[in-house]
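Here's a solo chain for you in structure tokens, the form predicted alone.
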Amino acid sequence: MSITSWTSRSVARPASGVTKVAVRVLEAILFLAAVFFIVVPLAWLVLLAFAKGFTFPSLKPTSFTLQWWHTVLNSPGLLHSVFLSVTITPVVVALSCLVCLPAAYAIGRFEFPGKRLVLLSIFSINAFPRISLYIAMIPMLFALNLMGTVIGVVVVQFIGTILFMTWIPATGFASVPESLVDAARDAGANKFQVFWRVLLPLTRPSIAVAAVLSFLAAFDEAQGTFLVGAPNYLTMPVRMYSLVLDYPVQFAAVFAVVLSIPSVTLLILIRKHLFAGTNAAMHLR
């Protein structure tokens, strides 16, 4: 071994060690940040949902009770609101996939005139206060006889999913290397097989993330649902606002816990799909 090669290796090793330490420190910081901003608030909500009261400045509850849960679960119309939320939201997500995923594929894989204008139009949906958009839509919904109907509620909730279901999958489609597509075509795959066996497995994680965010956006939508669906179609978030305004803060904690159950359940069910793209890429290599 020459002196030059030995020196270069000895210099490179500390640099590599420093890099590994920096990566581990960054991972630890991100983990602590996730615990502080996600786990701690959720734990506080759960504690608050069962706490009867607090004695300032102590954060320990004076006692625990199920009173808040009993009042919330027995409130009039709650079961109907739960039924509306768990039935309307999947319909909205399915409609969003049907409409937005083809657009995401075209945006991510092709260049066409007006592409930037399309992207700007999609982004502008969330660039302004949502309530102003809903108020501007009300005359059109009145003209179409959609006010106070479940179709009107679906349309309003669908508006909030367009950005997630278009931008995120479009990024996933665009990130697939063209060399993989060319290799599949050289192997005799047709367009459908290329999409089904190459593009879709690699884009599945981004589609899953977009679906989860769309589900949350539709499930938590309250302003537009109230303006369009009241008084016949009051989902859980709308019902929550009416109860929280008239009851102690523990009611908000109970509703927050109840509203988080479908989201957590959905994440558990699709967790394996979030890593499908990585596994598919390893197999394709």
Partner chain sequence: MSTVNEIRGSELVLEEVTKIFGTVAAVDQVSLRVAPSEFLTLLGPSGSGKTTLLRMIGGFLSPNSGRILIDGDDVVDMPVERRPTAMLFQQLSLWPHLTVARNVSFGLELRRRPKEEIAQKVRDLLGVVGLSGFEDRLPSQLSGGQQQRVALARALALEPRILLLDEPFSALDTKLRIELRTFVRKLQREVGTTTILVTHDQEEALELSDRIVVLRDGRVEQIGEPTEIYDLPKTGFVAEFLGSMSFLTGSLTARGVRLENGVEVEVQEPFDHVAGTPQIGVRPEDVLVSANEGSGAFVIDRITRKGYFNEIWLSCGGATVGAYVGREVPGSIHSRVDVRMRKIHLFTESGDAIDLDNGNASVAVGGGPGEQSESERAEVQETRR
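Positions refer to the first chain, counted from 1. Values in this document were obtained by computation on a predicted structure and should not be read as measured data.
Same protein, other form: the form predicted in complex with its partner chain, not shown, and the subject of what follows.
Enquirer: Using heavy atoms and a 4.5 Å cut-off, decide whether L180, Q193 and R197 all contact its partner chain in the model of the complex.
Expert: Verified in the model of the complex; spot residues all in contact, yes.
Enquirer: Could you confirm whether G188 comes within 4.5 Å of its partner chain in the model of the complex, counting heavy atoms only?
Expert: Yes, G188 is a contact residue.
Enquirer: Do L84 and its partner chain share at least one heavy atom pair within 4.5 Å in the model of the complex?
Expert: Outside the cut-off, so no.
Enquirer: Does at least one non-hydrogen atom of A184 fall within 4.5 angstroms of its partner chain in the model of the complex?
Expert: Yes, A184 is a contact residue.
Enquirer: Given that its partner chain is not shown alongside this chain, does I88 nevertheless sit within 4.5 Å of it in the model of the complex, heavy atom to heavy atom?
Expert: I88 lies outside the contact set for its partner chain.
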